[in-house]
Ligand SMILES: Cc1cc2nc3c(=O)[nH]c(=O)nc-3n(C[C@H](O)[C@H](O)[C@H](O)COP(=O)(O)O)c2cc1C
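Below you will find one chain, with nothing else, as structure tokens; this is the form predicted alone, and questions on how it binds or moves follow later.
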Amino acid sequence: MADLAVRVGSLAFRNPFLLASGVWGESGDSLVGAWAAGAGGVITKSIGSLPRAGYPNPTVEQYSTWGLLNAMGLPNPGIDEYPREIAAAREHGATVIGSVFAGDAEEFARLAHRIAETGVVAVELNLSCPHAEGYGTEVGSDPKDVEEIVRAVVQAVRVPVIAKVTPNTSDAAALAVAAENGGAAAVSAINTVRGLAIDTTLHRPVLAHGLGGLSGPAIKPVGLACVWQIYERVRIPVIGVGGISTAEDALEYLMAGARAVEVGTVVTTQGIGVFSRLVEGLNRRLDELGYASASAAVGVAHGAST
């Protein structure tokens, strides 16, 4: 049986499968549920300075085969309320990463400091939400801004900082380089891909906000390409995100250079029991290929491509 324990820099996870931010982490109970189901670590919802209701319904459009289009608007209870949910998860032994979003470097640093005080093992910076005005992609698409934000957060906290970069740019790898220059311990790629659906009967966008973010199987090639390019340009570890529904998907990300992967949309369609199935499937696939560990497969496709 292959060893699925992985390290992302100084961070240790019992397996490569992390619950992605924004999917199942709205409460301590849901974080505990994902952990109990077998996740290697859990990432909280992205938390802001103040409570935020998000956008009005409809906020999600589901497609049967290729994923979800959503524009939630970063709903969250705010940094004053959310620490109790983290405490509940940590009481059950969960390895928790805190996710934050903000409008500028100063606010990111302040929020990261607050969430780091809760005992999370790392802070992930949401620099990539494609549909929230003033946040996400709007502050994370310029390498100079990314470097400034990451540097401010690194100076404010004592835990590793993970920069989550957007695919909605001409060069996601340049954002990863900027994050590395700012002192990030790792980079996660990608967040959702900007998208739109039109209701032809009502003559208007399906989502109330209009533009949304596409997730699920349809974006896996985009996520893989970004991880591939980032792996070749930075020295810090990469966490792969986007369209991971099966163990084979995860193995592709590992071979492209990811040391761990975040699992999101499939949790909404198959439930948190998917974590145990992913763990079992990856173990079986690694055994079939003769790999003693998940880490042994990281980046191997790069050598084969030359």
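Throughout, we count residues from 1 along the sequence that is shown. Remember, predicted model here, so these are calculated numbers, not experimental data.
The same protein also has a form predicted in complex with this ligand, omitted here; what follows describes it.
Contact check for Ala20, Met72 and Gly216: all three have a heavy atom within 4.5 Å of this ligand in the model of the complex.
The shortest heavy atom separation between Gly40 and this ligand in the model of the complex exceeds 4.5 Å. Lys45 belongs to the set of residues with a heavy atom inside 4.5 Å of this ligand in the model of the complex. Looking at Ala256, you'd find every heavy atom of it more than 4.5 angstroms from this ligand in the model of the complex.
Contact check for Val150: every heavy atom lies farther than 4.5 Å from this ligand in the model of the complex. Only one of 48-56, 262-270, 276-284, 31-39 places residue heavy atoms within 4.5 angstroms of this ligand in the model of the complex, namely 262-270. Only one of Val161, Ala176, Ile190, Ile97 comes within 4.5 Å of this ligand in the model of the complex through a heavy atom, and that residue is Ile190. Residues of 219-247 placing a heavy atom within 4.5 Å of this ligand in the model of the complex, in sequence order: Ile219, Val241, Gly242, Gly243, Ile244.
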